[in-house]
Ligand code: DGL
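Okay, so here's just one chain, in structure tokens, the form predicted on its own.
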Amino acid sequence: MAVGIFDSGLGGLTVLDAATQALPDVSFVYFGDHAHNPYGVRDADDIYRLTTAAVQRLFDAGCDLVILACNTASAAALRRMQEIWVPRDKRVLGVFVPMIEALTERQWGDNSPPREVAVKHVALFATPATVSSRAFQRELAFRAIGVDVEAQACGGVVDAIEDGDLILAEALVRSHVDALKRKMPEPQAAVLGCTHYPLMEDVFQVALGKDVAVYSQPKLVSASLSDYLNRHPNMLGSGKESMFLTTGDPRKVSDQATRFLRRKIEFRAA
């Protein structure tokens, strides 16, 4: 019973941590494409090629369901993968929809027409590729009308977090929030559209102000995954071993991941 979790780097470990707490009896196979990250500065075709290769490796490891815990891959590759590439007996899901459902207060699987919602002004913080894809706005439009979204590309934040330079990461977050607030002075809600950003959630909250609701992905995605598996238990794959795979240097990535999660993580070569 294995579920795959994919990210271009370490950010998806925040989703993995929440998922393992919510689903302690499920094995998870994590794939980090560290040899090719960051994805946030790549074009859509390149992201699609790399993402399909990584997901295929997770299918080969016995995962019938894969979560793209990479917002950039979810934004730039997921729809195309679902339309032309994913086999009929497999599923690949992204991380945007659970956040949008929480933001718009719609239940999982609610396919009714879009309607007005309480939140009218939303700040989106994401990588440059996610912002340019406008995937968040597209998915939101399926569920809500009359919502103004102002997106801020947060260059440098992911690299600073993965390098362990949290002082630089905090400074960059404050700078990006200032830039966003010049365009949207009073956002009602903020979406952290990258799985690295939960590590900076407190910094985002302080910079935005206590009255802004901050939506972060790990708990929302893990709750949606639990619900999905309750309704589709057949999507638990045949894999039985939890493992961490990387296209990078396993020793280096293991050290970075251990610092990232503050517990021992051991990657092996993909």
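Residues carry their position along the shown sequence, with the first being 1. Since this is a predicted model, take the numbers as computed values, not measurements.
The same protein also has a form predicted in complex with the ligand, omitted here; what follows describes it.
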Which of these stretches, 205 to 213, 58 to 66, 39 to 47, 218 to 226, has heavy atoms within 4.5 Å of the ligand in the predicted complex? 39 to 47
Just to confirm, with a 4.5 Å cut-off on non-hydrogen atoms, which of Val173, Ala76, Ala123, Cys194 contacts the ligand in the predicted complex? Cys194
Using 4.5 Å between non-hydrogen atoms, is Val158 touching the ligand in the predicted complex? yes
